[in-house]
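As structure tokens, one chain now follows by itself in the form predicted alone.
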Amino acid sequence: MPNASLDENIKLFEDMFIDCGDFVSRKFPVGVNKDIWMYVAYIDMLVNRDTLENQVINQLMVFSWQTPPKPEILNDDPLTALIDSGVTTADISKVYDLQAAADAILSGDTILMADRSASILVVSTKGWPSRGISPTENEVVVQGSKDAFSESFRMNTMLIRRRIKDTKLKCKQLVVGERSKSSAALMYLEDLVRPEVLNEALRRIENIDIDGILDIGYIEQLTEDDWKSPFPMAQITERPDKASASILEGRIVVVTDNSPFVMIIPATLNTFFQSSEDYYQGWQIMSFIRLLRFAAGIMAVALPGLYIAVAVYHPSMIPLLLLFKMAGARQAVPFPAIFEILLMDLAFELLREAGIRLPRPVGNAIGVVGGLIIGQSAVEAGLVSPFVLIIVALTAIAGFAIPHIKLVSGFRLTKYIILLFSSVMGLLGFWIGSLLVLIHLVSLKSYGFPYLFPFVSGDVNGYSDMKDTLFRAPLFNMKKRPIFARPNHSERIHTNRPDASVKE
């Protein structure tokens, strides 16, 4: 608790900000009669200067009592009188220790101290520069909104609020990180979210003990169910419409400061194959695309291993004419097939990484031209066969067809397990590797939900979640919310079929 003497409080407070060149403070008299001396402090560029000067400092420096307060109030706690008469902004609060005031300043607020006052006034003046709302870069859609989350915490919560205008949409705010003191919030619909899931999410986030949270990825890794698994346990998205749709399903969205992405929990394998655009177009074409995505997922994991198993150990399964072509192409290759696959696959991984790190115009050129030149040169030099180049290229393309990069990263690692088993035991090893991956997926849970739901335990929700898996049913037929919502709030659509009009 601060002392009653303003000068002593100023000395203690400014000792906390020694060698902070961006710390701004000033002591000034209040009112035309110089009734009270006050002290203002803030961090430069973290505050909105217009709000600070017009609604706080100017108001106080020219302030005069329209209705003089009682002498005992003015003498005991001048801030109480000023809150009602001198500060025009509405977002104000009080703290009673210097550390809380320092935390408020570092969050972009302004603090006011007054002589003979045991409290400190915190005025919300946050106004640091931000990137603003920009188009999506990673989750691009043809039809749908183009806005994306930004690094501004409050702007991100606003983008969700703008889509769900319901008082039951809650924004439970927390502070995470001992030194960064980053703002984080859990956004959910109070009547839809399962209490046990909400309590578990709160417990995990509150138990985080780390110096700083610099991105939502920190929270994702520190709260995931199984840290040993390469598969993601939570969805990461940059799209406000995707986050809002998840909230309407009874799920929780975690927002944190300084991150243009949010985390959606719980998550199952099926949710990673869903895209925002799936629900903006007709069910026929989107069902076809959804099926293509699942096929691409299988190809991204299994295609290299299957090629090794069949081409090396079971060539009799290949049509004779194609087998002759493959054998002819491999005559000049001095390396085994497994080495060819690893060589080209790692080359594509290097190109992918280089394309990400380089500036965008150069990165696109490196990805396309580099892939063509390296692939063609490797074939002409006899290092790999054309069929291996085709297999690796198809595997890479299949990974790009999956809408969530976190799942693609899991597939990129998992394919090497199947490839290893296939290169040792052939087709038997392929099936053993695939079975091990499947067993691992079955064992995973995300906040109590089976990772392979609704392909396993689908009867718990009456198999209604199967309408949004390999195929997407028409919207009017998807009347129930997914398993994530409370059972007694499962109905979400009351519209009948478009052709079910009343006939006279």
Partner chain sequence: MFSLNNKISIRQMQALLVLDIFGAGIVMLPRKAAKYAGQDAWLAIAAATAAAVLSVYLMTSAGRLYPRDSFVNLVSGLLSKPVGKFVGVLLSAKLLFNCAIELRLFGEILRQTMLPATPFAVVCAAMIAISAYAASKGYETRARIAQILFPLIFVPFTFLFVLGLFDVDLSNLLPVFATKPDKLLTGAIHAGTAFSGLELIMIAAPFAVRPYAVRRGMIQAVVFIGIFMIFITSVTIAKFGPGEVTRQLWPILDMMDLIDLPGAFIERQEALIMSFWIISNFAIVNSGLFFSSVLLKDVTGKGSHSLYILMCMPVVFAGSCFMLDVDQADHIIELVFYTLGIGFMIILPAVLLAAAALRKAGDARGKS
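Keep in mind that what you see is a predicted model, and the values were worked out from it rather than measured. Numbering follows the first chain given and starts at 1.
There is another form of the same protein, the form predicted together with its partner chain; it is not shown, and what comes next is about it.
Contact label in the predicted complex: Lys94 to its partner chain, heavy atom within 4.5 Å: Residue-level check for Lys94: no, no contact with its partner chain.
Touches its partner chain in the predicted complex: Leu46 (any heavy atom, 4.5 Å): No - in the predicted complex, heavy atoms of Leu46 and its partner chain never come within 4.5 Å of each other.
Exercise: Leu452 in contact with its partner chain in the predicted complex, heavy atom 4.5 Å: Yes, Leu452 lies within 4.5 Å of its partner chain in the predicted complex.
Touches its partner chain in the predicted complex: Glu196 (any heavy atom, 4.5 Å): Residue-level check for Glu196: yes, a contact with its partner chain.
4.5 Å heavy atom contact with its partner chain in the predicted complex for all of Ile390, Phe400 and Ser409: Heavy-atom distance to its partner chain in the predicted complex: none of the three under 4.5 Å.
Location of its partner chain contact in the predicted complex, chosen stretch of 159-167, 230-238, 249-257, 429-437 [non-hydrogen atom, 4.5 Å]: Result for this chain: 429-437.
Residue (of Ala381, Leu413, Leu320, Val142) lying close to its partner chain in the predicted complex, criterion heavy atoms within 4.5 Å: Flagged contact: Leu320.
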